[in-house]
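Just the one chain here, the form predicted alone, laid out as structure tokens.
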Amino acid sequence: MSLTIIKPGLLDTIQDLGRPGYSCWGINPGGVMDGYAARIANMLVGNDPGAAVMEIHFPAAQILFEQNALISITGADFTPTLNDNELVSTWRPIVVRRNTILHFPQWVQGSRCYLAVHGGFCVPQWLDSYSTNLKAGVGGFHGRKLEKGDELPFKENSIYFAGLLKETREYQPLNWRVDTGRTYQLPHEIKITTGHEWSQLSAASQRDMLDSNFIIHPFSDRMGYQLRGVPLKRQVNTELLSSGVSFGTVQLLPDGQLILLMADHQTTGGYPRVAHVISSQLPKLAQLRPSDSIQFQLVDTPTAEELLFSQEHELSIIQRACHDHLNQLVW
């Protein structure tokens, strides 16, 4: 069972939740940019939340399903359409008939969406992860973005989904979906905690960072968002030893501008770490695009922890509900 890329997109890759634990070797965790959307995509089709998914950017690929499949599409809205005329919903499970073509003709909102297939994609692991490391050329599907003619196998369905398809329909949405409004609300307001070198900023620059808007530069990518705004200044320009960084670290560059590290960030950096985006805000950060604005809002660590615990609790409820719904189809 497989799907085939009949027209490649801008940057479509196989990703999972990353490969933590190898930073000491200089290998970054990588993985999906929006872990929240990717996990829900897998939950909707009955997969483990950490199973491999396809991360899709716009302009996106055209995909031919060689067999009947249960799929879900989450994250950004690129107007997913089947066979040129059937608009399909996001954030819900959908049964598609064999020889159906999925494409994404129009951008509506967001930066990247996720396609999950029941059973998961059958690609080899590298260092305990299915994620594509584009810099190293390993992981995912031959260590590269997906190209025309690529055939991605997925595991055989454990549920007879063809029985859910009406004879005249190319697809059938199942009768539940996920509401994610709370996670992505106020998309341009990004909560941060202070970084190790926050105190090195001048008092005026600390105020400027919290009171000003920053624009995502077009040169931004999966490694980091380059931000443009009022230049910030340190009290004393001393050199720093390189130290560990993570997804969401905000560093101050020598020219006074900021860079916000994303999923493919380097393992260490020598620029001041003035702030960190809190974990619960990374999903909506991942859905911002070049030229979008960011307004930082400072919160304390207990608040950051409470927001993350709340998000994880919500995900556990979603997973349990999806599992129960799919079990009803079987029994």
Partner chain sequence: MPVIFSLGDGAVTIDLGNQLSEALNGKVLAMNQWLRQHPFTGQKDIITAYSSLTLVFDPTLIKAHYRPAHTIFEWVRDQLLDAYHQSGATVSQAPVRHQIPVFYGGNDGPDLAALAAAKGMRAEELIHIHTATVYRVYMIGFLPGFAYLGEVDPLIAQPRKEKPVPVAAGSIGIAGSQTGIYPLPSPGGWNIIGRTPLQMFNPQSQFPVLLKAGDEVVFYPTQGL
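Source: prediction; values computed, not measured. Numbering follows the first chain given and starts at 1.
What comes next is about the form predicted in complex with its partner chain, which is not displayed.
When its partner chain is considered in the model of the complex, only one residue from K135, R92, H188, H217 comes within 4.5 Å through any heavy atom, namely K135.
L241 belongs to the set of residues with a heavy atom inside 4.5 Å of its partner chain in the model of the complex. In the model of the complex, its partner chain stays beyond 4.5 Å of every heavy atom belonging to A321. Among residues of the shown chain, Q67 is not one whose heavy atoms approach its partner chain to within 4.5 Å in the model of the complex.
At the 4.5 Å threshold, heavy atoms of Q295 stay clear of its partner chain in the model of the complex, well away from it.
Of the candidate stretches 56-64, 272-280, 43-51, 286-294, only 272-280 has residues with heavy atoms within 4.5 Å of its partner chain in the model of the complex. Although its partner chain is omitted here, in the model of the complex none of T100, L146 and E170 has a heavy atom within 4.5 Å of it. Applying a 4.5 Å heavy atom cutoff to its partner chain in the model of the complex picks out T301, P302, A304, E305 from 293-307, in order along the sequence.
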